[in-house]
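First comes one chain, alone, set out as structure tokens in the form predicted on its own.
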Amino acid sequence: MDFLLASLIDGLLLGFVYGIAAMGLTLIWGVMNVINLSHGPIIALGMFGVYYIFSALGIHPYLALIAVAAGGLLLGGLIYFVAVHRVIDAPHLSTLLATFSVNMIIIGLGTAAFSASPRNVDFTLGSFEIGSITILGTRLVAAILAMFVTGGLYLFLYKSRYGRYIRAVTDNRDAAELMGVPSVRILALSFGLGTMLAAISGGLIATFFPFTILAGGSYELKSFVVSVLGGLGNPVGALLAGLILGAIEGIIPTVLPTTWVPVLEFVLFILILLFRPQGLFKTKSS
């Protein structure tokens, strides 16, 4: 039971990070109906951002996240204007191909710049024990920071003027434009926020797992599972679904080989698509 509880807690802490990674994906979908296939490489860029800022400049990894977040926001705006803006009203296949092209460009340039050798951020916060359960400090801090990021996103979306603009564009872009909302800038901001969340999640993951430029692919797939589980376009649902996925990843290795983890995750993904395609935390009317 101690091992099961320790694995469950470890998985839940990791689930917070999965949640903000999926939040970036689902925010972009909810605002502009675009599935961002460059999500994984952006997560990987967040990993490399924290790695180089920490190793080359000696800046604390959690302070490096501020620069990574700013870089993700700017990169998202650039991707939107270069690759997405011209095809945003085209059929979904066009936006899929546009973001997939960005995906391949980032992977190609990243492989040339960083090679495919694994890196790791040589950083630890130690561990502490609660009874017989050991909790890694980096996992706990990552979960706390993920909660702060989620709270910040909520306050931005529901308490700020630009947050109201984003929600207005999400509900009805044409009506929002008639009311004077600059929809192009708001769409760029939304895409930037989505990529910022992806980059932050990558930076947090880098503090406890080794990575390469290709590492973001697996987290992109997890983000799709979490987004569908929580309900596409529902950021809060994405966080809750991230906890569910984290719990599953924590529990399964206690009873089955770890190779079963992705199998059961995607079985869950298919079951949700078949029986509740709107997700667990989104009503049919929304």
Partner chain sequence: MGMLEIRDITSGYGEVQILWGTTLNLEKGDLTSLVGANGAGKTTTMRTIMGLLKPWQGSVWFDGQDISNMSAHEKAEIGVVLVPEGRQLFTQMSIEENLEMGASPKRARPHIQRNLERVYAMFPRLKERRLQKAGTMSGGEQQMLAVARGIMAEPIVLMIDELSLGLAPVLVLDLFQTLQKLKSEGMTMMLVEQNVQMALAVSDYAYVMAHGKVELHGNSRELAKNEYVRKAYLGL
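Positions refer to the first chain, counted from 1. Nothing here was measured: the structure is a model prediction, and the numbers come from that model.
The following text describes the form predicted in complex with the partner chain, which does not appear among the structures shown.
Within 4.5 Å of any heavy atom of the partner chain in the predicted complex lies no heavy atom of residue 112. The partner chain in the predicted complex is approached by residue 179, whose closest heavy atom lies within 4.5 angstroms of it. Contact between residue 122 and the partner chain in the predicted complex is not found at the 4.5 Å heavy atom cutoff.
Contact between residue 93 and the partner chain in the predicted complex is not found at the 4.5 Å heavy atom cutoff. Residues within 4.5 angstroms of the partner chain in the predicted complex, judged by any non-hydrogen atom, belong to 180-188 and to none of the other stretches in 200-208, 180-188, 124-132, 100-108. The partner is absent here, but in the predicted complex a heavy atom of 168, alone among 168, 136, 87, 78, sits within 4.5 Å of the partner chain. Of the residues given (175, 116, 155, 82), 175 alone sits with a heavy atom within 4.5 Å of the partner chain in the predicted complex.
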